[in-house]
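There is one chain below, alone, in structure tokens, taken in the form predicted alone.
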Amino acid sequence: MDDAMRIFQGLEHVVRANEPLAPHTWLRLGGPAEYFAEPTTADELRELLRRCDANGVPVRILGGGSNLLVRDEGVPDLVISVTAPAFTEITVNDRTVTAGGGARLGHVVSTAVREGLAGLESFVGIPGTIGGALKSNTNAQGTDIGQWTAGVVTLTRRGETKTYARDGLQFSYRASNLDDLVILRAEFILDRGEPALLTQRMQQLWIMRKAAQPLASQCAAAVFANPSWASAASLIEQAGLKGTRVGNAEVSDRDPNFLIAHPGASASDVLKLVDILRKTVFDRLGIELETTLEVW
């Protein structure tokens, strides 16, 4: 056991060294994490955070991996995955849906709709977890997830629990005040609705969104935030960048705000392509695009 692994003594059942991160991301790119943990309980997660804080070990939290690009050289930190059942549970009580921070946004949407609860169906087809959606205040069809959020429980980098009531939460366009390391769970108070009508609306939105996005079989990720007055995809197309390619990374011909990582692509191919898109859109249209793709 090396010195760093001694920090995790007693937690060897959830921590391993030199874990490939590419399979944990939608782009399927990038190098390994020096250390990787998959805690099965909130107590295990708290203990991991406490030990890392005490020993100066940097920590990164991995959710669904839908907007994450890992560099080719990997990550010299502890990466913690919060995809165990303890972090993905979804429950419904009257008009309140409670969801773990690692729960898939799509699963929460479909659960609410099945229970006849309206408000979240606009987010169908948007990838990612509840934790990621709350931190970036995901928005679609004129609504954002923050307006339905009644409370949030988080963990700090020291493993301390913090609870936010509604009046302690701040949401704005693509932003929130939830900057703690981990979102453990959140509560949403929704409106009553007719399950059949909600299901129909959800299905229509899902079909529209899927028709415009890359194929499910492709390794892809969205790259830029939409400015309030236009879509990033339309700006990239206006700049004449549809189909641009660097190595085996390519701008999607279905939605130019998605990049496709073809077999043989590298993380550096994607980074170079992102830089080309940002610089060219600015040079040709005078608009600076904001990157939503997280780079480790």
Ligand SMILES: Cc1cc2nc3c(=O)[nH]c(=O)nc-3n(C[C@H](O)[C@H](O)[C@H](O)COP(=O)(O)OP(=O)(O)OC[C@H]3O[C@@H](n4cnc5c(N)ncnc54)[C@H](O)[C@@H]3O)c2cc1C
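The numbering used is simple: start at 1 and walk along the sequence shown. Model, not experiment: these values are computed from the prediction.
The form predicted in complex with the named molecule is left out here; the points below concern that form.
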{"item": "Full three-residue contact with the named molecule in the predicted bound form, heavy atom 4.5 Å, for 32, 74 and 76", "value": "no"}
{"item": "Contact flag, residue 68 vs the named molecule in the predicted bound form, heavy atom cut 4.5 Å", "value": "yes"}
{"item": "The named molecule contact in the predicted bound form: residue 205, any heavy atom under 4.5 Å", "value": "no"}
{"item": "The named molecule contact in the predicted bound form: residue 64, any heavy atom under 4.5 Å", "value": "yes"}
{"item": "4.5 Å heavy atom contact, residue 213 and the named molecule in the predicted bound form", "value": "yes"}
{"item": "Interface stretch in the predicted bound form with the named molecule - options 91-99, 197-205, 219-227, 113-121, non-hydrogen atom within 4.5 Å", "value": "219-227"}
{"item": "Among the candidates 127, 146, 151, 193, the residue which, in the predicted bound form, approaches the named molecule to within 4.5 Å (heavy atoms)", "value": "127"}
{"item": "Those residues of 274-296 which, in the predicted bound form, come within 4.5 Å of the named molecule by heavy atom", "value": "294, 296"}
